[in-house]
Structures are given as structure tokens and as C-alpha cells.
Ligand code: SAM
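Below, in C-alpha cells: the form predicted on its own, a single chain.
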């Protein structure tokens, strides 16, 4: 059992009740809350404007850690997200407040909304503009004629391009005044505007590898392989002794697919907290004619893997959780990898030079070496003794 000290207020006071909320995964000495001023602004506005009626059908998109879903659980909302962490957080926070898990219908982004039409749609503006456009294009067919659509985010996360997507896809759009550096977006759906299908997934060919790469709307580096992964591909090893290889934070599944081509005897695991990433990796792998046994899993990294169950972990770690920048997600991935690697197993990562991952890995593994580099990135190999 992990004991987590409380250095931040976990009590979320709303017009719909007071709730105890936490961010997941739980961290020692957590300094961040499970909600922000945009969540507060939205809930206060809903209450003051009287927008929630007993029969209201509510859809919540991209709820970060379940703050909106928990506060509005009385209305049995549908909450759709691309984040496993968001759904996990919602479940944990519902349970912590003695609310039934069934009070919020949780849907991955890869599962279509049901056929009902929603009266109130609440959209936290996602980090990726392409994902916002994808969601808005799918949304229109699920709105009632009287539907109200409200976007919410911190003001610095709302740009003219954000508003252009709301207005161009849904209808006339305006913004609120800023409060505590947060804003709301109000859109009146115009059902006379022609609908256009979302242009996803995207496919491209990875030259020199014979791979077709699939990228859904919320996947990192959607249209071409990022420079860091290109460098890492050059150093993916071949070893007939490999039994189990994990592509941790798999994105579109390029690293795992290349590893499978070079190690056809190995079982491959594609793991990401993004449902769209896992779906992309599966389509990439299936299109690559790999003969490996393969497992595709959305989750909190390797948390559910058995100890000493892997021989090689490949990782291009993220440096942010939603809009919060930091190395805590990468550090968690490194810790999980060490736990899951067999003796002699290796973690191979790519990272920006300035992040100094080799220091953390040497402290964690005792043996970490930079095996390649260019002006911006380094490839580091850490072996479990």
C-alpha cells in the first residue's frame, strides 16, 4: 500500500456538493489539484444559468480527473475521453465519494456515442487541435435541437484557432469574460451547416522499414515519425533470446512494430494511456504483416504487468500530463520498467538532451549508458542487474 502525503487541498466545493478528489496516479507530496479554475467556472455557470434540469441528457468530453463527472453524477452523464488515466481517476473519485460507478457512463474515444441526443455538452478543450476537430465533427449528429455546447479551459489554452473550430463545425460561437484565468466557450449549434467527416485516421509509409503507420486524431506526431523515434529505431536490437518486448507509451506503434520485424520470436506488448494510440498501434501492427504474438493494452504504463516479465522495454517518454509539463510521468515509466524487466533485461529510451534522463536512470538501474546522440536527442540503455 502506497501512503501519499497530502500537501494540497483535495476538497472540491461546487454548487452540486463538496467532493474529495485526487489526481491519478497518486504521487507523494502532490502539489496539484484534481481540478482547476475552468472546472469551477463551468460548474458555477451551469448553476447560475439554471442549465441543468432533472431530465437533462449530459455529455462530458475530456474530463481531466473526473471533477465534472463526479459533480454532475446525479444526472448520470456520459463521459467520453481518450485517456485511460481520466477514466481511472473518475472511477476512483466516484468510489471515494460513495457514488456508484454506474452513475457515470465512461466511454473510450474509440467507442462511438450511443444514439441518444444530448441536451448539454461540456467540452474541456484538449491539448491537440486535431482531436478537438475530430470530436466536434462527430458530435453534431448527437445533439438535440435545443442542445447547448459549452467549452471550458484555462484562457491560455483557448486560441483563435480553437474558436474557429467551434464556429466552423458547430455554429455561432462566443467566449465569456475571463475568471481566475479561465474562460468558457458558448456555441449555438447550426444544423443547417453541412457536415464533413473527420479526416482520420491518417496513414503514412515509414521509408526504409516497409511499414505502414496508422495515426488516429489524438496521437503524437500524427503525420510523420518524430525525430527522436527515428533515432531510436536505428538502435532497436535483435536478440533471439528476447521472449517479451514492450513498446511503452506506444503512440502509433512504430517502435514495437520495428522490434517485431527484427525479433519475430518475441511476444509484443503495445501499451499507452491513450485509447487512440493503442488503436493506432494495433492497426499499424496488423498492416505490417508481423508474425509475432501481440497484446494491445490501454493502461497506466506497466502497472498491471507482472514483475520480471519482460526482456526489453522501448520508450519515447512524454514530458507532460495533459497541459502540465514535468518528468514525473517518464520517471514513473522508468520505475515500472525496472520492476517488470527480468535480470539482464534492458530499457532503451530516447530523450531530449536537456532532460538528463541518464542521471535518473543510472540512479535507478545502477547501469545506464548513452549509446547514441545527435544535437538534440540521446539514446540511453539501462540494464537490470
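Values in this document were obtained by computation on a predicted structure and should not be read as measured data. Positions refer to the first chain, counted from 1.
Keep in mind the form predicted together with S-adenosylmethionine (SAM) is missing from the figure; the text below concerns it.
- Query: Of the options 209, 229, 148, 157, which one has a non-hydrogen atom that comes within 4.5 Å of S-adenosylmethionine (SAM) in the predicted bound form?
  - Reply: Selected option: 229.
Of these, 189, 201, 108, 299, which has a heavy atom no more than 4.5 Å from S-adenosylmethionine (SAM) in the predicted bound form? When S-adenosylmethionine (SAM) is considered in the predicted bound form, the option within 4.5 Å is 299.
message = Please pick out the stretch from 174 to 182, 73 to 81, 244 to 252, 111 to 119 that is in contact with S-adenosylmethionine (SAM) in the predicted bound form, where contact means heavy atoms within 4.5 Å.
response = Partner-contacting stretch among the options: 244 to 252.
Exercise for review: Could you confirm whether residue 311 comes within 4.5 Å of S-adenosylmethionine (SAM) in the predicted bound form, counting heavy atoms only?
Suggested key: No, residue 311 sits far enough from S-adenosylmethionine (SAM) in the predicted bound form that none of its heavy atoms falls within 4.5 Å.
Hey, in the predicted bound form, does residue 351 get a heavy atom within 4.5 angstroms of S-adenosylmethionine (SAM)? The answer is no: residue 351 has no heavy atom within 4.5 Å of S-adenosylmethionine (SAM).
Check whether residue 133 has any heavy atom within 4.5 Å of a heavy atom of S-adenosylmethionine (SAM) in the predicted bound form, and answer yes or no.
-> No, no contact at 4.5 Å.
* **residue 85 within 4.5 Å of S-adenosylmethionine (SAM) in the predicted bound form, heavy atoms** => Heavy-atom contact with S-adenosylmethionine (SAM) at 4.5 Å: present for residue 85.
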